[in-house]
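As a starting point, one isolated chain is supplied in structure tokens, in the form predicted alone.
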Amino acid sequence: MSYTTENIKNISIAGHGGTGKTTLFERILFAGGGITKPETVESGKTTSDYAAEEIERKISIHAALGHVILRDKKMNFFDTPGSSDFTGDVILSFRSCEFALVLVDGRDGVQIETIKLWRNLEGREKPRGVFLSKLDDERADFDKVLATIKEKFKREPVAVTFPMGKGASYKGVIDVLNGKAYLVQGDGLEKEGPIPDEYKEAFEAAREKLIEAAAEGDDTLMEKYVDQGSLSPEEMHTGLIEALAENKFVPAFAGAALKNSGLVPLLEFLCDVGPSPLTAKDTAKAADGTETKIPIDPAKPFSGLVIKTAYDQFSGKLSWVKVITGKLTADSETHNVSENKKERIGKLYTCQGKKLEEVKELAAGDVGIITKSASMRTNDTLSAADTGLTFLPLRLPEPVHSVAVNASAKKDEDKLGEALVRSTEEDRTFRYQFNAETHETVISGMGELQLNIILEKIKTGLKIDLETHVPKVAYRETIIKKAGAEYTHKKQTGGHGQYGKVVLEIAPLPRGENYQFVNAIFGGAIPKNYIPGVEKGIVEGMAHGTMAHYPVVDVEVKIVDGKYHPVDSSELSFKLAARNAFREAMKQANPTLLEPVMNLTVFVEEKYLGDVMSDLSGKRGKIHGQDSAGGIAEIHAEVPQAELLRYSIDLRSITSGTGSFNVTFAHYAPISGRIAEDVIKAREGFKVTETEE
């Protein structure tokens, strides 16, 4: 059966690790009739955690997709990982959904990943709600956690459901919108009933707040609410739909998923009030770089974005597609704008976890799967015709952890390379490159756990041994003062010889300006046709400095004089003369080493703040400030990259695995003394290979 855009809902389930996302996803599928029996994470049989590495570790590593059908509406749910190592799959779900349901532990409240997820949603202006989980625990406190959310995010959640009791006395939830109670029924679904007398006062207070939220959705409704103090059920319903679509309020839900509690009213609300794809837009870019908002519109010709690539041992390559306009039909042809080629679409599928369900078409707003497309990649734009527009790629964070890797046996290097390329297709936060400076294959990602899982999968799948080590830092060299030098390249080998003389001056440039070439030759001392050779030689000379053979940056080079021979001079002669003249000048200009310095943002519980800041000081870090609220501290610092190569491991040790961080390149900074001596010593034996073609 196919579903039209107005009858589709897309919901991302996200939250800090351990808040119960997979359990909620499993129980939602059960409550909505998508599966007949819910499983536990411990059993290794849940619908969404089906990969071997997920079953073994009992955590979500990949985003999973499932759906339920309620009142002829299709609701797609994404179960996403909680660890920051796998944030890429959370982001693809945010891009694909019109509503995010953020799980918050009813005992522990706002945690580090909650904050990071919320910020991401704020940046997208994405409608969202919160589901307070595990409210059947003695330590749970619904009202206290809601207050913490308000304090931390400056948004007051509005209860759509709230709990009846907690711990051993937990009985279920009150549905504020529909005025019902839902009582826990053992292993079965919760049972609908009247609101117990002891909760009627709390219900009336909560309903008043929900009516206020509905009034926010429409100016006319607000006027009526102000005049009459209330809204009819129909007006309330309409107002909530409009207010939520415009991200004007944050609905809050209560529940205990393992008891199947809080699920039915949650599904009812999402079905009736949850934002429709028709309220959403995506962003595309034209060839000239201008960006355009594209409404999700079933009336337009087909277009879509490939949001994820996965490989299944039975079905082969799976390309997940979010349809943005029109509809995608099985056994059709479309244009891959990103690759500029035709794509033959065979069968189309939706899914419940790993179980594929064939469909004939996918309407605008829906998410589905194309199988066995050889050329389709994540972030590719598909469309009915080449419009010149490409949808913006997923906004993914920069990697924070890197490892150098090689196959123990040289014969396995090619297989390793192919496997790493495939891994970058499956997880776009994973990077792989050969560093020509350090002669290492370096993989990078969001954390040690992510990289370990990828490498373990390759080792097991290909049956090859791998070696890993901390990658080398890409240092740079520069100069402190002005200097000059000259060099004459002269070679006689019979017949035409080689001759070129170059006189140049070098001077330091401000940090980050890299290189500037100035031709100050007058009177034809060096003919114009040889000047390109001079610059080539300088660029080659800058490739390897005179201290430790690292590339040279932030230098102005001025060619001021020279000499040529009418027969023996050539571009090659002047290139070699310039290269050697540059290196001679470098030696006279007080060369110094530069190291990369990174911007670091660390998120930790306040109790670890002192230890983390002390550790950063020991890493030559400069603390620029900190913020603290809701028990979570955020530290901003600049730290040399050399000190951060194992920081994901260090931070995990200091914070008992709870800390998290982001890192981006800031600038290069000079180093001297013992640190510079160690860097130079480590490069002893490095050989510069250059050609004299």
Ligand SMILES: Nc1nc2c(ncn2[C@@H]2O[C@H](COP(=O)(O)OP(=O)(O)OP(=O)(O)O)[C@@H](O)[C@H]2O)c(=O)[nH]1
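Don't overthink the numbering: it's just position in the shown sequence, from 1. As the structure is a computational prediction, the values presented were derived from the model and not from experiment.
One more form of this protein should be noted, the form predicted together with the named molecule, which is absent from this view; the next part is about it.
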Pick from 545, 368, 533, 82: which has a non-hydrogen atom within 4.5 Å of the named molecule in the model of the complex?
82
Answer key, the named molecule contact in the model of the complex at 4.5 Å (heavy atoms) among 235, 282, 216, 136: the residue is 136
Note: the named molecule not shown here; in the model of the complex, the stretch from 227-235, 517-525, 257-265, 577-585 having heavy atoms within 4.5 Å of it is 257-265
At 4.5 Å between heavy atoms, is residue 639 in contact with the named molecule in the model of the complex?
no
Please run the contact check for residue 56 against the named molecule in the model of the complex: heavy atoms, 4.5 angstroms, yes or no?
no
Can you tell me whether residue 42 touches the named molecule? I mean in the model of the complex, with a 4.5 angstroms heavy atom cut-off.
yes
Partner contact for residue 660 in the model of the complex: the named molecule, 4.5 angstroms, heavy atom:
no
Check each residue of 10-49 against the named molecule in the model of the complex and list those with a heavy atom within 4.5 Å, in sequence order.
16, 17, 18, 19, 20, 21, 22, 23, 41, 42
